[in-house]
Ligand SMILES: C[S@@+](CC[C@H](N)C(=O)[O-])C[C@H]1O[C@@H](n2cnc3c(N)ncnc32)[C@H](O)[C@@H]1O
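What follows is a single chain, given as structure tokens, in the form predicted on its own.
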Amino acid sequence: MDQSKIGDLSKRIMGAYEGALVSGMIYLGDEMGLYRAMHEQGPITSDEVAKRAGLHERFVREWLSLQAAAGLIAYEGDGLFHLSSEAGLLLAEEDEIRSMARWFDNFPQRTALLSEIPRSFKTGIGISWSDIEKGGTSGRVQWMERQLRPWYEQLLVQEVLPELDGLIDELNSGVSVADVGCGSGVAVVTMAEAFPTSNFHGWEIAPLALDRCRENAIQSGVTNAFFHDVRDHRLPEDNSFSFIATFDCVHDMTSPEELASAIYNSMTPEGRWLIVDPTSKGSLEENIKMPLAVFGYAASVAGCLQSGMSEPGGAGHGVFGLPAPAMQELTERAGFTRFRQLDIQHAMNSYYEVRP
């Protein structure tokens, strides 16, 4: 036994446990409005924070002490706590692209799911997103919407779609568009607002997500956004869609091959498919060196892999199961002949344009 290695590993294990505890406290700080209560206030006492948030001071003081111990909030002595401008950007500004508080929004649901996951290890059958919702949990829908809304609203139309040559002109002239695996419909609604002469259709399998899709469409006032339950209305095989998008969901599918074929049969001869899916280097040796490897593999065990194996014979790609060569091969088997990786930088995802 190497005692120094035991010591180092013990610290790493304890760090992981502490990280889980701090994650819960970040969730509480966001949920209870504590970071927002401190934002741009300078040094502030626990009593002032509690009054601004409408909470009990004693519990707020203990939470602040933990935040200071974790290095998220500065303690300046004399009972004064300070949320720096940098921490405020990351933890208190809701519409900021770099905000990280929303990453913790579904922390209770994630931890609650741990009691169900052992069944997957024993049976080899994962838990689908719709099964999670049947258990009364809508946290995944809310988390994904909050997580992705700033990206959709601030970058999708402005920076991503222009990377597909000629697409903006097509959308302005009026075409049919599909978003398969549309989640809560924010991307559909965002594009429908930007291009009122085109029609946008979203397909989803989770009932609560579909409900949220329709709520978002009503709230935005768009009349050119339509949503479909894939179990009742599959993609039409009529070559009618000029543009189809799949945002971060191909790897979640139990049968990506079936998805790719359905998209091919629903697309015009000169249409295009925008795939946004997690970046993978193709091997474990390379993947574990990526900055978000730990997050990716953990999210896979508790979510993406669960979905991909939620039916017998499910593909089970997991978060890192579709590197670019595998994604290209998948699309070519469906009949597509043109595959191009877009020059868009993202911490987690790669972007591909695929055409017949």
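None of these values were measured; they are calculated from a predicted model. So that there is no doubt, residue numbering starts at 1 and follows the sequence shown.
Not on display, but discussed next: the form predicted together with this ligand.
- Residues within 4.5 angstroms of this ligand in the model of the complex, judged by any non-hydrogen atom, belong to 252 to 260 and to none of the other stretches in 103 to 111, 252 to 260, 189 to 197, 214 to 222.
- In the model of the complex, this ligand lies farther than 4.5 Å from every heavy atom of T331.
- Interface membership of F81, defined by any non-hydrogen atom within 4.5 Å of this ligand in the model of the complex, is ruled out.
- None of the heavy atoms of F241 is located within 4.5 Å of this ligand in the model of the complex.
- The shortest heavy atom separation between G271 and this ligand in the model of the complex exceeds 4.5 Å.
- Residue in contact with this ligand in the model of the complex (any heavy atom within 4.5 Å), chosen from I205, I117, V157, L90: I205.
- Scanning I125, V230, L164, A74 against this ligand in the model of the complex with a 4.5 Å heavy atom cut-off leaves one residue, V230.
- Of all the residues from 144 to 160, those having a non-hydrogen atom no more than 4.5 Å from this ligand in the model of the complex are M144, L148, Y152.
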